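As a starting point, one isolated chain is supplied in structure tokens, in the form predicted on its own.
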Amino acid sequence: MVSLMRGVNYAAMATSSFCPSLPQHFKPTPIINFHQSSFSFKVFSSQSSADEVPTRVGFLGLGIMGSPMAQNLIKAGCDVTVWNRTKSKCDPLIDLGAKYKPSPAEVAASCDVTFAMLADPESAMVVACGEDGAANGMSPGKGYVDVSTVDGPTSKLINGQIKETGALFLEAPVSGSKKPAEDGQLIFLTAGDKALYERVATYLDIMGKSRFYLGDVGNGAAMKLVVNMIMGSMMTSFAEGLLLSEKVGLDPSVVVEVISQGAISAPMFSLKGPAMVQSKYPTAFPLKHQQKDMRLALGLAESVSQSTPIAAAANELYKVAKSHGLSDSDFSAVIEALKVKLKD
């Protein structure tokens, strides 16, 4: 297990101002004033030549997202070293040819670039900066790419610890869930050291279908929270519609089909709708993670005095769903929270 870094007051970090120095284009300004030059966007094939991939890649965190991402790197011919708190989760990747190290520090020390995919800001901070964390294995010439979904201040703290070692840092949270991770179809929302972004572009193209470079550390985290806030709010509205249709005597399966052919068609509705109608929620993105992202997005909004009443209401439904034991179900299980409210 990785322990917290000695002498660091994590409670104080958590209670500090959420985004004390948010860049100007994230402050409340008309959207037409957004500067196109503040980010870059490239789309590449996920089929990259193994010869283009630098050697010695580390991967920390082999959960529902990290495992398929690391597998894609291995299948592309990368020399991958893995670590996970539960060592048994490393075994399938070792069978595919990955190496194993018993701590994040040892992975980072043995690799040129280390990726990390952790469940929440606390885990991301511990794995990067803990007593046996990756920062203890970093040095000039190395790079650390955090693909976890965290808040801006956490990302900036990790950036600071990595930079103190002389290494480079890139935040790169992903848009996409289990299936896109398996298929190498993720979207990377990156910010930080441009040199590291360019250096790891081949890795990102193996694991994803597109990548955005958004400038300073914190911008990638903010973009991911905005996207997931919208997604979480959309799902609660969709769930309301399915239940309403059933209440008034319509077939909710037909509602899903109608939506799929109209202006509000979305892959999320088409993929999850049929299972939701049957009260089935196979996990692609755990509900507890969606609620965590809603909470972080609401904190981001509060830091810039932006009202988000719809997201706040949606967040309460996810909390109700968690209280009914649905944390590890797919986030589409939020519909069960609405069923509970109807019974009350």
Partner chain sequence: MEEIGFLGMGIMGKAMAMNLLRHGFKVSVWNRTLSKCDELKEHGASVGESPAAVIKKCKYTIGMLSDPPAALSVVFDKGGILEEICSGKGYIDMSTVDAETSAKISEAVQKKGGSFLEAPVSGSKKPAEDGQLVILAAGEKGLYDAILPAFDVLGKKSFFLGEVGNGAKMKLVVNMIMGSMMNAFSEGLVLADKSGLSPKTLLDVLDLAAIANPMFKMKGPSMIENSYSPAFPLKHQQKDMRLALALGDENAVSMPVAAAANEAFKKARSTGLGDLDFSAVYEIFKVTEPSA
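Numbering follows the first chain given and starts at 1. As the structure is a computational prediction, the values presented were derived from the model and not from experiment.
Here the subject shifts to the form predicted in complex with its partner chain, a form of this protein not shown in this document.
Check your understanding: Hey, in the predicted complex, is Q261 touching its partner chain, heavy atoms inside 4.5 Å?
Key -> Yes, Q261 lies within 4.5 Å of its partner chain in the predicted complex.
Exercise for review: May I ask you to state whether V304 is within 4.5 Å of its partner chain in the predicted complex, using heavy atom distances?
Suggested key: Within the cut-off, so yes.
Check your understanding: Is there a non-hydrogen atom of P140 within 4.5 angstroms of a non-hydrogen atom of its partner chain in the predicted complex?
Key -> It does not: once its partner chain is placed as it appears in the predicted complex, P140 has no heavy atom within 4.5 Å of it.
**Study point:** V226, heavy atom within 4.5 angstroms of its partner chain in the predicted complex
**Key:** The answer is yes: V226 has a heavy atom within 4.5 Å of its partner chain.
Exercise for review: Using heavy atoms and a 4.5 Å cut-off, decide whether S67, C78 and V147 all contact its partner chain in the predicted complex.
Suggested key: Looking in the predicted complex, the three residues S67, C78 and V147 all stay beyond 4.5 Å of its partner chain (heavy atoms).
Point to revise | Residue stretch of 81-89, 99-107, 210-218, 125-133 approaching its partner chain in the predicted complex, non-hydrogen atom distance within 4.5 Å | key: Stretch with heavy atoms near the partner: 210-218.
Review point. Between the options L157, I187, L118, A167, which residue brings a heavy atom to within 4.5 Å of its partner chain in the predicted complex?
Key: Residue within 4.5 Å of the partner: I187.
Practice item. Taking only heavy atoms into account, state which residues of 248-275 are within 4.5 Å of its partner chain in the predicted complex, ordered by sequence. Key: The stretch 248-275, when checked against its partner chain in the predicted complex, contributes V248, L250, V254, V255, E257, V258, I259, Q261, G262, A263, I264, S265, A266, P267, M268, F269 at the 4.5 Å heavy-atom cut-off.
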